[in-house]
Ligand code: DLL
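In structure tokens, the next block holds one chain alone, the form predicted on its own.
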């Protein structure tokens, strides 16, 4: 189901014209009202009148998370503070949080792009949305909430955690739509199975899962265990929250709502813009954001863009699911390793559960990785020699995919810590 026919199916010429007009207006506003942007542009010798179309975006400076932290809290706000109606921030667990400030129009746009997201999985006003993303400063909960309300669906604002209550709510209120992280959906499936819940007998039909990278292998696992269609959604606090991009039922990349959020792919080392189809760092510009607009924000997410028209009829550019992040990429003996690569291999194997952790250590000058993987109950009951054989087979499969050796340790069922939010995949013990 297409929510916004006009903007989701625009022809290329119309889309580029709209993007150019919105970019030009954005730069005029930002230059005139945000001293940070004026200083950055002046340093490059760029003036608002130099930005005539979307192709001129490469003349503009990049924005980084460090920049946003340096001007915390209101350094990017482009309107009088009396016009700000809501504020969200990142967790701040790795430093000063980044701030996203919203005007009433920003909240309306947020509801609209999240309505597009939910509609991609068939959500209508007849549905009951069980929203298990966290409410509060984290953008996930309220973003989904605004989208569900825009569609007219019944939204249950249950927030994250309290798994037994989640399962009871799912049964009692006949939830048809689930929104949470992919790892938490597997936790719901696991605990539900232990409690004797047959998900095939529930009306649950679709899950909108995001906030962490996940693989197609994990998707298959989720769809089988929860008996749903699992769709990837993408967003980040710095841009607006969830609602930046989402998969449709074709599952062939995430449609970026590029009438509001203009994407680029750059070489993370040089900053050079890369052609469509080439993997690099994702960069976004918020074409319509009023409260705290961002210009060429470096997300640190690794992906590539897919320009071809989708079978669903939407014409917006798509992005491949996130392959990893420049800041969670591990460099092991000169080889780039992403957790998503490891997950993809593990999901193809029998005898293991979709729960794993990557332990990184340094001995002398050499780095090494160990992958701890949970066994199924069936494999756990096998003899030691069979377990050792299984470990060697997994090590071989990982080496073929990564081109670097990873020690594999099979651990007993339920040994890997579960998360009610984003799963912690990497434990880095190196002193660097």
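The model shown is predicted, which means the values in this text are computed figures rather than measured ones. Residue numbers count along the first chain shown, from 1.
Beyond the structure shown, there is the form predicted together with the named molecule, which is absent from this document and is the topic of what follows.
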{"property": "Which of 170-178, 304-312, 256-264, 318-326 lines the interface with the named molecule in the model of the complex (heavy atom within 4.5 Å)", "result": "318-326"}
{"property": "Residue (of 127, 238, 221, 106) lying close to the named molecule in the model of the complex, criterion heavy atoms within 4.5 Å", "result": "238"}
{"property": "Listed residue that, although the named molecule is not shown, lies within 4.5 Å of it in the model of the complex (heavy atoms), from 190, 212, 361, 344", "result": "212"}
{"property": "The named molecule in the model of the complex reached by all of 38, 63 and 293, non-hydrogen atom within 4.5 Å", "result": "no"}
{"property": "4.5 angstroms heavy atom contact with the named molecule in the model of the complex for residue 356", "result": "no"}
{"property": "The named molecule contact in the model of the complex: residue 422, any heavy atom under 4.5 Å", "result": "yes"}
{"property": "Contact of residue 242 with the named molecule in the model of the complex (heavy atom, 4.5 Å)", "result": "yes"}
{"property": "Proximity of residue 139 to the named molecule in the model of the complex, heavy atoms at 4.5 Å", "result": "yes"}
